[in-house]
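Next up: just one chain, as structure tokens, the form predicted alone.
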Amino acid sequence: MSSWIREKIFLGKTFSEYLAEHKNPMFILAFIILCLSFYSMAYRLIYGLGPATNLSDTYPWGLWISFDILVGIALAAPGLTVATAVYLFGLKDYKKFAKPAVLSSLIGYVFAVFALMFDLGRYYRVFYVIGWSWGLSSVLFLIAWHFFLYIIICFVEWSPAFFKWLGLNRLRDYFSKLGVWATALGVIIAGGHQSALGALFLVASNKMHPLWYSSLLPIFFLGSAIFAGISMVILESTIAHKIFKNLVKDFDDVEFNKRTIGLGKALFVILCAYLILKLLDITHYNNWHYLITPYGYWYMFEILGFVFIPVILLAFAVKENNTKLVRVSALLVVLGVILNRVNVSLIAYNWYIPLSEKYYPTWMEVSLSAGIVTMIILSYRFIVRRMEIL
């Protein structure tokens, strides 16, 4: 058993050697963040939401929903986009992107649900929605069930690499055959809850700023999740192949850059469709006059800075075959999705309330969210270094 742990967990090193390898500034910073995060988690569980957060009846949802769930789930969409393209539409040229994409989705969803536990008043009853409480008319019920099912689907898609690492080849072969069926179901499940997250805000028409409120919110959330997923694949693949290049067999820079340009083309098309829908939405509601207000300037910053400019950059990047510009555009798009989710759930929500009465997260809320991000990065690193993901 000890030899198995040494080979599989510590990568052939002794515990002291493995520990010494991680004595560097980045891991020390990660350790500090995790310590603060664990303290915040314990404090919230012991003393409740009131002392640990700045949540109120006016702002019942804060940073943990806005960032950990709305942002986290959108950025955990690589599996929805790339796995669908590879396994359902037969784009085998992108197969090398599929495993990292599925892993990103699995880790993202698992830690999003983990973070959600701390925002629930009765977190210990979270499983009631699966077997004891059937609120069939509730959007939250739909989202809860979709989260539960999609985590299972992501595990099925990822499990061949996991079972191969354990040396359980029969299980690996069995779950490999289920991959296509899991992906087909995953498209329905993931698409359903990505749009349903937008549908949560349809009942808040009198609380949200008119520039962000729309009957198309479910479509906007789904569309932005799709281009967020593609953008995350571009960024994650760039970072992973740079840091873990020694783990990739027969790595071909030319082929990798070619596929990145292909992802850039897909990103360009979806961003254009999203931008057109946004313009039609403003016209439909006749909200043009809001653009010359402070909130309007902020709205234009979001749309022009993180949708229109990436569209222009991607058009030039694809024409000139410039992969660096594709990656810059992907980064802008990811930042734009983060900004959009925060705008919808916090900034544009209760927009008429004075700044002095607005919600601002406590340091505990920030540290817990930072800890979740740190755990996602460390988990991804741990798995990639041990299993056939890249």
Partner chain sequence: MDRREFLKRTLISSLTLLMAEKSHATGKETQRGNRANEINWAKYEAEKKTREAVQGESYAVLVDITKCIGCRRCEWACNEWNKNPNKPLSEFEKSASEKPSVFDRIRRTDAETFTIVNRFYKEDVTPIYVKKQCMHCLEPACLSACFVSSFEKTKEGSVLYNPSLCVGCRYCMIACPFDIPAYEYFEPLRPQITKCTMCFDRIIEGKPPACVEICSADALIFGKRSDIIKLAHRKLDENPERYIPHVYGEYETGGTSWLYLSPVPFEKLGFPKLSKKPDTEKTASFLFTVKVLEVVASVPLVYAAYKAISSKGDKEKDE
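Positions refer to the first chain, counted from 1. Predicted, not measured: the structure shown is a model, and the values here were computed from it.
The discussion below concerns the form predicted together with the partner chain, not included here.
For the options L275, V126, L247, L166, the one in contact with the partner chain in the predicted bound form, meaning a heavy atom within 4.5 Å, is V126. Checked against the partner chain in the predicted bound form, the residues H209, K96, H146, R259 give one hit for a heavy atom within 4.5 Å, which is H146. Of the candidate stretches 336-344, 320-328, 66-74, 42-50, only 42-50 has residues whose heavy atoms lie within 4.5 Å of the partner chain in the predicted bound form. Although the partner is absent from this view, Y87 contacts the partner chain in the predicted bound form, with a non-hydrogen atom inside 4.5 angstroms. Contact check for T238: every heavy atom lies farther than 4.5 Å from the partner chain in the predicted bound form.
At least one heavy atom of I28 is located within 4.5 Å of the partner chain in the predicted bound form. None of the heavy atoms of P294 is located within 4.5 Å of the partner chain in the predicted bound form. Using a 4.5 angstroms heavy atom cutoff to the partner chain in the predicted bound form, all of S56, W134 and K177 count as contacting. Within 4.5 angstroms of the partner chain in the predicted bound form, the stretch 355-390 places a non-hydrogen atom from each of T362, W363, M364, taken in sequence order.
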